[in-house]
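Consider the single chain below, provided in structure tokens and representing the form predicted on its own.
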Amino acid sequence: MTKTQQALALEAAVEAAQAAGSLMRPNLHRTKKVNSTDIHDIKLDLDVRCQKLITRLLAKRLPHIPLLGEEGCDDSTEHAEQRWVVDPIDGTVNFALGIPHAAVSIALQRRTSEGFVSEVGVTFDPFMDELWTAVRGGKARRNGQVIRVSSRKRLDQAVVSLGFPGGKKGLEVMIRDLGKLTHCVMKLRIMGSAALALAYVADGRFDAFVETGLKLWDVAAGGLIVESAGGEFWSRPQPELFHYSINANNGHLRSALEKVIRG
């Protein structure tokens, strides 16, 4: 993509993310309409409404680019040269319970010979009014200011975030990792939003974020933001479509984390 195309896509993604955030913010402490629920997740009517709003605004700015989202996708995304990847509310359980730790995540991806790569990434926290952005080849920013990952190199000085997926196998893996890491890092944090965990790694608040079973829309924007902030975003596809294991870190800690987790 040209810089002009990146800039247009970034502008569209920021507008859409902030619009969805404006819909989330006044509803934080209101009773939400629940569309479905299971043992580890909640689906809200507001998830659907936010994705519809995002879809409409993106299509208005950049028509003909299909959208892959948590709340449904266009049939043409598989064969498209470009696609939007959207999580309208990442951290839905937090949001449903009135916990102000959730975000909108929007990425624009481009097809390459090795698969899709993110060209633009936007994560917006409407409750802290923090907007993280990145374009491939540029710097990561929070509210316009350049950010960078932490410089900590020792695991015993690191703050590491973990996430817990809904599937049984993924939960078993992460529970095992929790037990191993507890004795090796300074602090563990489990906060319920992968998009914000990645933004916090990019911002130097966390030193690493590890999870198995994340979905593409959870990480498509945040992975680029971490890389653009000087960090490392490692991912491995899982058997289930659009599912990944990820290790996002400040560029110094992956080997140490892998020794603990896989050792």
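Residue indices: 1-based, along the sequence shown. Please read these numbers as outputs of a predicted model, since none were measured by experiment.
The same protein also has a form predicted in complex with D-MYO-inositol-1-phosphate, omitted here; what follows describes it.
_At 4.5 Å by heavy atoms, is each residue in Asp87, Gly192 and Lys215 next to D-MYO-inositol-1-phosphate in the model of the complex?_
Affirmative, all three are within 4.5 Å.
**Option from 192-200, 227-235, 48-56, 61-69 whose residues, in the model of the complex, bring a heavy atom within 4.5 Å of D-MYO-inositol-1-phosphate** = Single hit among the candidates: 192-200.
Worksheet item: Between the options Gln109, Ser150, Thr92, Thr133, which residue brings a heavy atom to within 4.5 Å of D-MYO-inositol-1-phosphate in the model of the complex?
Response: Selected option: Thr92.
Handout entry: Exercise: Phe116 in contact with D-MYO-inositol-1-phosphate in the model of the complex, heavy atom 4.5 Å
Key = Phe116: no contact with D-MYO-inositol-1-phosphate in the model of the complex.
Can you tell me if Pro100 lies within 4.5 angstroms of D-MYO-inositol-1-phosphate in the model of the complex, counting non-hydrogen atoms only?
Result no; Pro100 lies far from D-MYO-inositol-1-phosphate in the model of the complex.
Q) Is Phe164 close enough to D-MYO-inositol-1-phosphate in the model of the complex to count, meaning some heavy atom within 4.5 Å? A) Although D-MYO-inositol-1-phosphate is absent here, Phe164 would touch it in the model of the complex, with heavy atoms inside 4.5 Å.
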